[in-house]
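Starting off, we have a lone chain in the form predicted alone, written out as structure tokens.
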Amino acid sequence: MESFWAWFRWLHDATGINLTIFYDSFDRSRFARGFVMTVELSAVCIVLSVLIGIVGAWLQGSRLRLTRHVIYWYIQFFRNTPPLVQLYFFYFGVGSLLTATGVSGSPVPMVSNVTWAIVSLSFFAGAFNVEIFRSGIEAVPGATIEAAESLGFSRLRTYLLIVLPLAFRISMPALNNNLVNLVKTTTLAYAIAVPELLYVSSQIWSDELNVPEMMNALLISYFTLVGFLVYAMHRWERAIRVPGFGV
């Protein structure tokens, strides 16, 4: 493996292409940690945003008017404001209210910047997922729901066992697109110093003055990460396909 890393050092000496993330162990470890942080941040936000979408779509059909209004205004707030503004709102606005007194007597935040990034991005993508699942639910034939109710299914069991599985298949193309956008939106966590891929890359190019090389490395990294997600989602979409229904 050392010969592989040494080749990039030779490339730098011969051509000036300065890919320190390969031949410098410190930069390599920084870049690797940033990539892992981006993957973890994306994975957690994907799971939480999908759960928010499922629960929100269910609550949209609530018999309680207040519940429907809460979901409606949640969607309007997160869908109609920029995600970076939302991130600042949580981190600087809400975060400033959730502090504790440290050993030195100065205020210490109770919630980390990584947690606020997860909360903000999950709510942002979740608002779109609610509408995606709602459209899928509305596409399920009413006769299917009536048949379940005639068999004695409760509203919750009908949703979980019949409506949601069918709506999920219908919603997969739109959900796939929203999750891809979510992965790309994780770069905004850079603004609150979350050590994800863009943040550590900016540190590297500030130290090494290799901006063009790091920009290309970033492009290839995100292309690979998003490409893997798209591939996995398409495989899942084909695996759960019901012939003649939905996707």
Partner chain sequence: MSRLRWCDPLPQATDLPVLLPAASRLARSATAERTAGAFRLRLRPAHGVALLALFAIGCGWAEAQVQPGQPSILATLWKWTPVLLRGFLFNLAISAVAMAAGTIVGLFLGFAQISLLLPVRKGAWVTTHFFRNAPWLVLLFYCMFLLPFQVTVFGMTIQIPDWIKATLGLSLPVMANVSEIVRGALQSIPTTQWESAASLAFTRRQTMWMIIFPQCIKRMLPPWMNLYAILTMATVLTSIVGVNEMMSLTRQALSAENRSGLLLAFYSYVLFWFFLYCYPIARWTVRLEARYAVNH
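Numbering follows the first chain given and starts at 1. Superpose the two forms; the largest set of C-alphas matching within 1.5 Å is the rigid core. Predicted model, so just to flag it, every value in this text is computed and none were measured.
Separately, the form predicted in complex with its partner chain exists; it is not shown, and the next lines address it.
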For the three residues Q76, F128 and E237, which mark the spot I'm curious about, does each lie within 4.5 Å of its partner chain in the predicted bound form through at least one heavy atom? yes
Picking from 26 to 34, 185 to 193, 54 to 62, 39 to 47, which part of the chain touches its partner chain in the predicted bound form when contact means heavy atoms within 4.5 Å? 185 to 193
Is G93 one of the residues lying within 4.5 Å of its partner chain in the predicted bound form, judged by heavy atom distances? yes
Is the gap between G16 and its partner chain in the predicted bound form 4.5 Å or less for some heavy atom pair? no
Is N216 close enough to its partner chain in the predicted bound form to count, meaning some heavy atom within 4.5 Å? yes
Taking its partner chain as it sits in the predicted bound form, is L11 in contact with it (heavy atom to heavy atom, 4.5 Å or less)? no
In sequence order, which positions of 157 to 183 have a non-hydrogen atom within 4.5 Å of its partner chain in the predicted bound form? I170, S171, P173, A174, N176, N177, N181
Would you tell me if I145 moves between this form and the one not shown by 2 Å or more at its C-alpha, with the rigid core held superposed? yes
For W10, is the CA shift between this form and the one not shown at least 2 Å following rigid-core superposition? no
